[in-house]
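Coming up is one lone chain in structure tokens, specifically the form predicted alone.
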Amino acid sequence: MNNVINVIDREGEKHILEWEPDQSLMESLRDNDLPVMASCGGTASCATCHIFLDRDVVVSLGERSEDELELLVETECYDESSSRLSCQVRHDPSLNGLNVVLAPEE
């Protein structure tokens, strides 16, 4: 079953998207033509899919990998409580209605 996600882009415009079970969050954003470069293709080796999520969601997703955290802290807009790489967020029915904000481009 697809999730519905609410996305705020870098211009402050809201988008309501469907997130398919076989996609990472990054793939859903990219496939819906949002400006997510994802230059590494989802291997957590760049930070071009940086997003902000609600703090409670970040906690529920569990610990960030060492690679993900290292990339995020190097960005200018890193926020410990809300930053994630969208390529590392897997589809889960509990994330239906997720609020996502695209991080500023660096």
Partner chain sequence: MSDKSVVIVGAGHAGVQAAGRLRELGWHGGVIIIDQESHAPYERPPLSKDLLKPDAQDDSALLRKASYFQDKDITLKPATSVLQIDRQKRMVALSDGSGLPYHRLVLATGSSARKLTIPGSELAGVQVLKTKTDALTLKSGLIAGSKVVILGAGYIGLEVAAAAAARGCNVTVLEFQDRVMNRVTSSVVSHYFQKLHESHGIRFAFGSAASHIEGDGRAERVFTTDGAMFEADVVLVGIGVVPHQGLAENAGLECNDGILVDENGLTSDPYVYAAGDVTRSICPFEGTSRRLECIQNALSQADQVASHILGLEPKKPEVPWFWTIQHGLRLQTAGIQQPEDEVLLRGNPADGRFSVLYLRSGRLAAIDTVGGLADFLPGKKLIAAGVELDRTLAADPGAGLAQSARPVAA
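Positions refer to the first chain, counted from 1. Predicted model, so just to flag it, every value in this text is computed and none were measured.
One more form of this protein exists, namely the form predicted in complex with the partner chain; it is left out here, but the text below deals with it.
- Residue Glu74 is the only one of Asp56, Glu63, Glu74, Glu80 with a heavy atom lying within 4.5 Å of the partner chain in the model of the complex.
- At a distance threshold of 4.5 angstroms between non-hydrogen atoms, Ala44 is in contact with the partner chain in the model of the complex.
- The partner chain is not shown here, and in the model of the complex it never comes within 4.5 Å of any heavy atom of Asn96.
- Shown alone here, Asp92 lies farther than 4.5 Å from the partner chain in the model of the complex, counting heavy atoms only.
- The partner chain in the model of the complex is approached by Glu20, whose closest heavy atom lies within 4.5 angstroms of it.
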